[in-house]
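First, one chain by itself in structure tokens, the form predicted on its own.
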Amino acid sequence: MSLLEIRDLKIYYRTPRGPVKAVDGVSFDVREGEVFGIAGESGCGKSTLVHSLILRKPPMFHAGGEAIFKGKDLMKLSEEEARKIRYTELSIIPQYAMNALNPTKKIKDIVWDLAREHGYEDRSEVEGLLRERLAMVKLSPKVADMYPVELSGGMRQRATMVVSTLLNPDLLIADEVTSALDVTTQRVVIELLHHFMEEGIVKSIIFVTHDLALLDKIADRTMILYAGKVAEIAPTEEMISSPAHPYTKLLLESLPKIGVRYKETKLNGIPGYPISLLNPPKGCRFYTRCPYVMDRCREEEPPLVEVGDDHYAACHLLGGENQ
């Protein structure tokens, strides 16, 4: 059963030179009970995509498509309707979450403001729930009486996770939540996200990252974005073992491997640079960097085709005349 269905979604940014097509016709679904990973280089549209589901602030705007969440199109909700489901049904742990907490308020006051906005009237009940959740993420109850600046980076990250999940949202978006953490704390965060699922605090998670190695540890399925377009969607294990899109293959080849010396094997970076999303070329958006580019790639945008069980990729090498 799908909790979220995205169909041909287009999210652009207004600029004096024209719209920047950050997300340009993206389609996918997030199923109940799964962790859905989204990965790609910086600037591919990952954060724009997920933030558009929560709150669209100018210059960001919706240019087309649907985002059906529990039967409602998130793109058509009024601000009041969106506010009601924010943090209760759909929540986000934002990028740079360690700086997301108001530095002038204690953790318990931040939580009370959020709960009161959603109709809670008993502060003692809310603070009791806060203490339970702090214990769940291995934080002392004393943290409730502390200001964010008094917490270490890892403690602030966990406190932010508590705030974002306190009202038991059905869908939790984790946007680059491990990017500023050491590997030990990254492991703690991944385990906590799994724990939230196991305890029924959240039903599904969208996990956004640029680190493909992390997706293997948490995501059931993964979508690879490139320049605002879907390159590949597949079960994570299959994508890592048998990538279908040239971009996915090059991303995986660029990952460092433990035990391999630099003098023996050098990392294979992806040649060239991402295209401008202000005036993207027609055809496949990856053709300027693809080692398998054909004339057709420069003229026709490849459709997303099925290449295996629940495995899809958008490349002319995989469908149509070249199949």
Partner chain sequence: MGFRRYLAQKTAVYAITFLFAVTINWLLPRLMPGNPIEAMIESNLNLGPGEKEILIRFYEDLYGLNEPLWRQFVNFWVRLFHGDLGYSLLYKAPVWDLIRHSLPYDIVILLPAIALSWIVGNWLGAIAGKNRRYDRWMMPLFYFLASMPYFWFAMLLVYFIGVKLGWLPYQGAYDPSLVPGLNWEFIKSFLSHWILPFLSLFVVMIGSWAIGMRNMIIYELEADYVRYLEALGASEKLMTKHAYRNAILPQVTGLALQLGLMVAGAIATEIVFNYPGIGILLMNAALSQDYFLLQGAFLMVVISVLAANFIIDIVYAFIDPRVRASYTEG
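The model shown is predicted, which means the values in this text are computed figures rather than measured ones. Positions refer to the first chain, counted from 1.
Another form exists, predicted together with the partner chain; not displayed. Remarks below refer to it.
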| message | Check residue 92 for me: does it contact the partner chain in the predicted bound form (non-hydrogen atoms, 4.5 angstroms)? | response | yes
| If you check in the predicted bound form, is residue 282 within 4.5 Å of the partner chain, heavy atoms only? | no
| Does any heavy atom of residue 216 come within 4.5 Å of a heavy atom of the partner chain in the predicted bound form? | no
| Using heavy atoms and a 4.5 Å limit, would one call residue 249 a contact residue for the partner chain in the predicted bound form? | no
| field | Listed range touching the partner chain, judged in the predicted bound form by heavy atoms within 4.5 Å, from 144-152, 67-75, 200-208, 126-134 | value | 144-152
| note | Interface check vs the partner chain in the predicted bound form: of 191, 117, 182, 237, the one with a heavy atom inside 4.5 Å is 117
| message | Within 4.5 Å, heavy atoms only, which of 275, 54, 60, 297 is in contact with the partner chain in the predicted bound form? | response | 54
| request: Please state whether every one of the three residues 99, 102 and 164 places a non-hydrogen atom within 4.5 angstroms of the partner chain in the predicted bound form. | output: yes
